[in-house]
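As structure tokens, one chain now follows by itself in the form predicted alone.
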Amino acid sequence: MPVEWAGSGPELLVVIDRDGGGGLRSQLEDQLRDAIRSGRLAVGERLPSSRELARALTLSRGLVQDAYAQLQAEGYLSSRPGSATRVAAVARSAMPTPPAAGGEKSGQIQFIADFRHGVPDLRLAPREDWAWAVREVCRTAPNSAFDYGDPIGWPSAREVIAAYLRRVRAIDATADQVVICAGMAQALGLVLRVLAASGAGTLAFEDPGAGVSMTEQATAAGMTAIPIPVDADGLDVPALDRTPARVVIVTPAHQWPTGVVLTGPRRQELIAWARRRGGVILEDDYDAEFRYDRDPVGSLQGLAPDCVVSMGTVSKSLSPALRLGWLVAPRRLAGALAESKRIADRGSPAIDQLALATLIESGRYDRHLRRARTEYAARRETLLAALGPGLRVTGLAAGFHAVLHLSAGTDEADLIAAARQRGVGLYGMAGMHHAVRPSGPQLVLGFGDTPRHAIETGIAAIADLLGISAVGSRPS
């Protein structure tokens, strides 16, 4: 039987349905987000304590605390020790939402372990599921699916992707805001060209970060690119505010490459900057599905759909070879982006779009993600055990890379070269810094495409180079 909480006014805010309404915590989080976005919970409004709300809804207090913590991390709520939990200052949308691998070769060296980053386990690519989905589409799709179609994507595929992103990433969008693209590179290129045509001349990007590719994309769009420092809370918004940039690209759920999460207060600062500057935030949601210590932090777009363009792909979740992704645009940019996509290529392959939609609707996509998440979590533990307790490792809460902090005075380049001579591929952090000086020598250790046995073998082969006296034993 549904249990209700009406808040301080007459409007119904939360209805918990134990008879088929989905997970209890998900129901609570989704309905509180909707209440905040719609303005039914006003900025600054006090929420009941976790004990009070748990009693009103007959839920466990821990469940309510977890839901509050999730919404604080996403920037919807704010709280200080000793004070009430309240709706955050910029949590309400400015615009209403309408209803609704070992043994791999690199150059001439045969690696026993290659810790390259940014690549998922290519062995885990769900080939049979993908083949099944393509067969289903070819068997059941109407003849019109084999025509050119809508340049921004097959309508039913955009519906499925929008519903998936609302469910999994807490995005605030409908299908008409979704543009299906040929991966992240095309999505970013389309957005930058549209923004450059509207007068934006500078793209700000995270430092450390993917500065080379950001500079290439900005230059191709006729823009300049400038780095903005990242600290333990994410992008330094005051530093951004001191630049002329009106466009910034961030990786808020799992910063590339440091692994920090853009905190709730920092999200609020960034959104306030965008609205004050008339700017646009580009959200690279590149590996948010893979988080190990808690539920994935919700999309930044869901907090501010009027000024955030969210971009995602299946490159990490399925395979880079599919070259299939999407962007979710503010309504004021949707028309220009649709035209830009039409000019670029008249649309991405419809059969692949429909295959992805079929995979999602069948539940096979979620099952694949659960299997992959379990495997990456095991590799994460294997890496930590192999490195042992004496080394500092950060950035492991999500994704499939870690940052290893080396001893002061270690020469990154020398260490990488020595490891390669032993058949181990290592990659340094120094080249990912631009204007900001590195705090010390660091390695980015990818384990997405590196099996567990290769992780153990590789770390053992370079243990002395890392200063490991005895390789740690694997935890039970």
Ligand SMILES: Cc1ncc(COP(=O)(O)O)c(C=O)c1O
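We number the residues from 1 along the sequence you see. Since we're looking at a predicted model, the values are computed, not measured.
The form predicted together with the ligand is left out here; the points below concern that form.
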Margin query: When the contact criterion is heavy atoms within 4.5 Å, does Gly201 count as touching the ligand in the predicted bound form?
Written below: no
Notebook entry, point to check: Might Gly118 be said to contact the ligand in the predicted bound form, defining contact as any heavy atom within 4.5 Å?
Noted result: yes
Check: Would Arg275 sit within 4.5 Å of the ligand in the predicted bound form, counting heavy atoms only?
Finding: no
Notebook entry, point to check: Given that the partner is absent here, does Leu282 sit within 4.5 Å of the ligand in the predicted bound form, heavy atoms only?
Noted result: no
Checklist line | Candidate stretches 357 to 365, 310 to 318, 231 to 239, 133 to 141, one within 4.5 Å of the ligand in the predicted bound form by heavy atom | finding: 310 to 318
Check: Which of Arg323, Arg86, Arg167, Arg291 has a heavy atom within 4.5 Å of the ligand in the predicted bound form?
Finding: Arg323
Item checked: Interface residue in the predicted bound form among Trp154, Tyr286, Tyr376, Phe111, criterion: non-hydrogen atom within 4.5 angstroms of the ligand -> Tyr286
Check: Though the partner is not shown here, which residues of 165 to 193 have a heavy atom within 4.5 Å of the ligand in the predicted bound form?
Finding: Gly183, Met184, Ala185
